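In the form predicted alone, a lone chain appears below as structure tokens.
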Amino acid sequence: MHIPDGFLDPKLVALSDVAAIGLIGLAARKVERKLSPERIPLMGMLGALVFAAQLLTFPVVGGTSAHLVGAVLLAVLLGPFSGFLLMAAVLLLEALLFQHGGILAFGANLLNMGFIGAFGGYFLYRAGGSTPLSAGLSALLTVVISAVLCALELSISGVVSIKTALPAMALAHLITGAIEGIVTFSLLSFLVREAPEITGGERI
């Protein structure tokens, strides 16, 4: 789902980068004010887990790729603002170190995966009853929604037609979303039983 540089319309790039930077600033201020120091190691561990999971990819269409995202897991365990910040760090490192997603396209990638996954996923998780099952379903839905947005952005930018991009992206990410949903459900179910201090910790 990572979009490389040169694939998006410059206006779309500018708008998404400005929006992403603004959201990062908002999230950083909120997390800085409220985060307990004892939660920092957990953030680092979960960030590393998501970073590794996102590197396992396969190509789809228009220069994009399908892969696990992990934003819902981060948001459920840490809160949407913390999850969004970690997604920003993960996506930036991937772009800088592995050219996995473009630097200029960072804003679009962060909004597609980080904002939809962390904030949208957390809303769906809470609306569904705040259970491991609702988290798994939220993970599936947000992956597909993010893929559809990515397809729309590519088609608006003239890279590929919507008739080609939408079904290809939606189908590929329906499969990866189902896998992510199962992983999210299974991991949270395990943590609820074996490490309730993690699942019951503060969320920002």
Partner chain sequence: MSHYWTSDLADRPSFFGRIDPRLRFFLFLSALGVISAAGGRLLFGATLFLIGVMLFSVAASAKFRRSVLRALLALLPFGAFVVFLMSLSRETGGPSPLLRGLCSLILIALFVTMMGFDELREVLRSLRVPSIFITLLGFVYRYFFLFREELEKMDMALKNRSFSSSRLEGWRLRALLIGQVLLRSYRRSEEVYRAMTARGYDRKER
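Positions refer to the first chain, counted from 1. Keep in mind it's a predicted model, so treat the numbers as computed, not measured.
One more form of this protein should be noted, the form predicted together with its partner chain, which is absent from this view; the next part is about it.
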property: Contact test, all of 69, 127 and 141, partner its partner chain in the predicted bound form, heavy atom 4.5 Å; result: no
property: Proximity of residue 120 to its partner chain in the predicted bound form, heavy atoms at 4.5 Å; result: no
property: Residue contact check: residue 111 to its partner chain in the predicted bound form, 4.5 Å heavy atom; result: no
property: Its partner chain contact in the predicted bound form: residue 183, any heavy atom under 4.5 Å; result: yes
property: 4.5 Å heavy atom contact, residue 137 and its partner chain in the predicted bound form; result: no
property: Partner contacts for 74 to 107, taking its partner chain in the predicted bound form and a 4.5 Å heavy atom cut-off; result: 77, 85, 86, 88, 89, 90, 92, 93, 95, 96, 97, 98, 99, 100, 101, 102, 103, 104
